[in-house]
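The chain that follows stands alone, in the form predicted alone, written as structure tokens.
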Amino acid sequence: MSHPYSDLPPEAFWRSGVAETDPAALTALYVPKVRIGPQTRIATAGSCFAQHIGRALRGAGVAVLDAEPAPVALPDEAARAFGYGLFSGRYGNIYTVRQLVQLLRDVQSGDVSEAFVWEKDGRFYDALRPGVEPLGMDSPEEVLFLRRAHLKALGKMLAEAEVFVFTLGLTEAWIDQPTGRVFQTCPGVIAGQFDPECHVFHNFTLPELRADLELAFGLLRSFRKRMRMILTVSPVPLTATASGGHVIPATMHSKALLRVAAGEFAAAHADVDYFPSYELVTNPAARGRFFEANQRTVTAEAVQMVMAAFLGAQGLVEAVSIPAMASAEPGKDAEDDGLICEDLLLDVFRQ
């Protein structure tokens, strides 16, 4: 007797598609709706894991835009520490969709405010991207001057971009209650002072995530009318949660919401795609193999597997030359994977 399951391919069944398949060689998870080629002008942004995507695309010879290239004489390691080359702009990690919406609106308006200049030990920081100047600046005026230049550079870059690749990382955020401004990291961690009267914790809901994705896509298309979007969800668990509960359910809650929001949004838009990096790393068949001993840092093998799956599906596999990303050396902290992640400071200060 024939029924809808009679003629499904092997990957449609758990046993043949997962349990009996090498988790590093899963196929058919991604059939691109948004196609890219070597000449496609791509902008990247998102949480820490998005830094891997930019590296792999550049290694494949894809035209990844860079609005704010590092000074020629600056060594690579120092350039990364100062936020150069991590993404297509020197905005640092964009952990939430609301943070992306906020940045795009700032680029449109060009407005800056001294209210969002933080101070620490006589040095001054951009409160909306405090990690990109780890030594701080001499004055608030210098911070504002650099932010204006930053926003202007992003406007030019977004007008060129054809595809915007965004990695969703968190639903938890700290917000300035009087203005609604979302911070990249909790005030007081890098700079500034935490004020419980002004700084409130917020965990974005599914309706908020969907609405923010709609806003972000509309704003992106205000810079380039036919810009397309590729969404993915970071497989990296939360470093810490301020939700009041255990970090495990907090992580599962956050990732579930981000996955549903990204999937529903991509399904609703012909020019938006979803790439399953989260599923490739966290699927049960991997048995934790794709995480380092700290159960949080994604292994070099996993990163290369994920990016090979993406580039292969896009037809770029023949050109791929993904930069080698060795696992942590013996005696070296596994968190040190070459990524710049402000949220890791939460655990540092706890210790």
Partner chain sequence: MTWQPMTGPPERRVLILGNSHIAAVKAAYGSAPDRWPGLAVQFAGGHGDALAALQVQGGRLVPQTEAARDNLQLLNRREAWSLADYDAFVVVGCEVGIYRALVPYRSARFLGLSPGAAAAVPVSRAMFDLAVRDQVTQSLGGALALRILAGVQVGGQMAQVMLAEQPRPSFDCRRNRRRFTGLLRAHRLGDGAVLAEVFEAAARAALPGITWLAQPEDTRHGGVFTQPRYSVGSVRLMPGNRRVAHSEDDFIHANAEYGALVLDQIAAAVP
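Values in this document were obtained by computation on a predicted structure and should not be read as measured data. Residue numbers count along the first chain shown, from 1.
Although it is not shown, the form predicted in complex with its partner chain is what the next lines describe.
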So which of 256, 200, 268, 78 reaches within 4.5 angstroms of its partner chain in the predicted complex, heavy atom to heavy atom? 78
Only one of 137, 211, 157, 242 gets a heavy atom within 4.5 Å of its partner chain in the predicted complex. Which one? 137
Is residue 146 close enough to touch its partner chain in the predicted complex, meaning at least one heavy atom pair within 4.5 Å? yes
Taking heavy atoms only, is residue 119 within 4.5 angstroms of its partner chain in the predicted complex? no
Wondering, does residue 106 line up within 4.5 Å of its partner chain in the predicted complex on heavy atoms? no
Is there a non-hydrogen atom of residue 207 within 4.5 angstroms of a non-hydrogen atom of its partner chain in the predicted complex? no
Stretch from 192 to 200, 258 to 266, 157 to 165, 82 to 90 whose residues place a heavy atom within 4.5 Å of its partner chain in the predicted complex: 82 to 90
Spell it out for me: taking its partner chain in the predicted complex, does every residue among 252, 292 and 301 have a heavy atom no farther than 4.5 Å from it? no
So which bits of 53 to 82 sit within 4.5 Å of its partner chain in the predicted complex, heavy atoms only? 71, 72, 73, 74, 75, 78, 82
